[in-house]
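For reference, the chain that follows is the form predicted on its own, supplied as C-alpha cells.
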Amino acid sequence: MSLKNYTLFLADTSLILGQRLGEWCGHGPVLEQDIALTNIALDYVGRARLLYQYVSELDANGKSEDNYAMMREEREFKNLLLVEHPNIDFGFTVARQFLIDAFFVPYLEELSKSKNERLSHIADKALKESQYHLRWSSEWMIRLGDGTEESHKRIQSAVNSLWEFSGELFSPVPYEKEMLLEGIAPDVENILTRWNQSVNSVFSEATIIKPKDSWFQKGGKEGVHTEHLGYILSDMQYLQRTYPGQDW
C-alpha cells in the first residue's frame, strides 16, 4: 500500500503541475515561451502516465491510467500543494516552477538509484527533462528578478506567496518514510541541502530576498488540499466523467 501511495504522490504531482502549465498554451507572453511552457507541461504529463501505469499494475484491479487520473475525487489525490496554485501571471508561474525544479533535479538523481527498478527507470528518464526545466526556470528567475522594477516586484511577490508551501517538499509522510527505510525513496533531508544551494545561488543573482522560514502549509501528500484543486479537477475530468469509458 505504501508503494502505491508513494507512486501516486509522484504521479499526481506531475499531472497537476502539467495541467497548470498546459493552461499557458496559446497564452504565453511570447511565442517561444508559450512553446517552452507547453513542452514542459507535456514532459510532466508523460511522466505522470508512466507512474499511473505502474500504479495500475501494482493494484491489478483492472483500472487503467485514465481511471487514476480522471475518475478519482479530490481527497484521493496526493500531489504537493505547491503545484495546485493558479498561474496568476508569468512571474508567478516561473517562481512556482523554479521551486519545484530545484527540488526535482536532486530528488530524481537519488530516485534513479532506487532499489525499485521501475521507479529508477522512470526517474532516470525524468531527470534529463528536469535538468532542462531547471535551466529554463533559473534563467527566467534571474531575468525577472534583475530586470525592470515591475518584473522584480512581481517575481519577489510570487516567491513571498509561494514560500509557505515549499516546506511540504521536505516534510515526509508515513508512506515516504516507509519507502525510505526500504531503500526506494530518497532522503529528503539530503535533498534539502542541495535545494537550498540552488535557491540561494539563483536568488542572489536575481536580487530576490529569500523569505524567512516560519511555518509551512502541508497536507497535500495525504489528500488535504487547497480550494484550487477542485477547480482543476472539474476542468480536467469533465469529459471522462460525462462520457465514461470513451476512447479518444
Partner chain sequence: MMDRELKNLEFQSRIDRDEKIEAKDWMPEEYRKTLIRQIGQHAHSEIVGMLPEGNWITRAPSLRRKAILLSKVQDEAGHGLYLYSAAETLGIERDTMIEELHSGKAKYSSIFNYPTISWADMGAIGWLVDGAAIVNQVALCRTSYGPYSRSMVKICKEESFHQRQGFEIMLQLCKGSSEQKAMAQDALNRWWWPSLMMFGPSDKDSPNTAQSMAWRVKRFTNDELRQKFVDMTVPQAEILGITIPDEKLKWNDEKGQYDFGEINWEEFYSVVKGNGPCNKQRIHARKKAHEEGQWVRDAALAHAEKRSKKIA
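Numbering follows the first chain given and starts at 1. All of these numbers come straight from a predicted model, not from anything done at the bench.
One more form of this protein should be noted, the form predicted together with the partner chain, which is absent from this view; the next part is about it.
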Picking from 74, 178, 146, 109, the single residue whose non-hydrogen atoms come within 4.5 angstroms of the partner chain in the predicted complex is 146
Exactly one listed stretch (178-186, 64-72, 215-223, 195-203) reaches within 4.5 angstroms of the partner chain in the predicted complex by non-hydrogen atoms, and it is 64-72
query = Does every residue of 15, 35 and 150 put a non-hydrogen atom within 4.5 angstroms of the partner chain in the predicted complex?
reply = yes
Q: Would you check, heavy atoms only and a 4.5 Å threshold, whether residue 39 touches the partner chain in the predicted complex?
A: yes
is_contact(residue 30, the partner chain) in the predicted complex, heavy atom dist at most 4.5 Å:
yes
Review point. Applying a 4.5 Å heavy atom distance criterion, does residue 89 contact the partner chain in the predicted complex?
Key: yes
(message) With a cut-off of 4.5 Å between heavy atoms, is residue 235 one of the residues that contacts the partner chain in the predicted complex?
(response) yes
Restricting to 45-66, the residues within 4.5 Å of the partner chain in the predicted complex through any heavy atom are 45, 49, 52, 65, 66
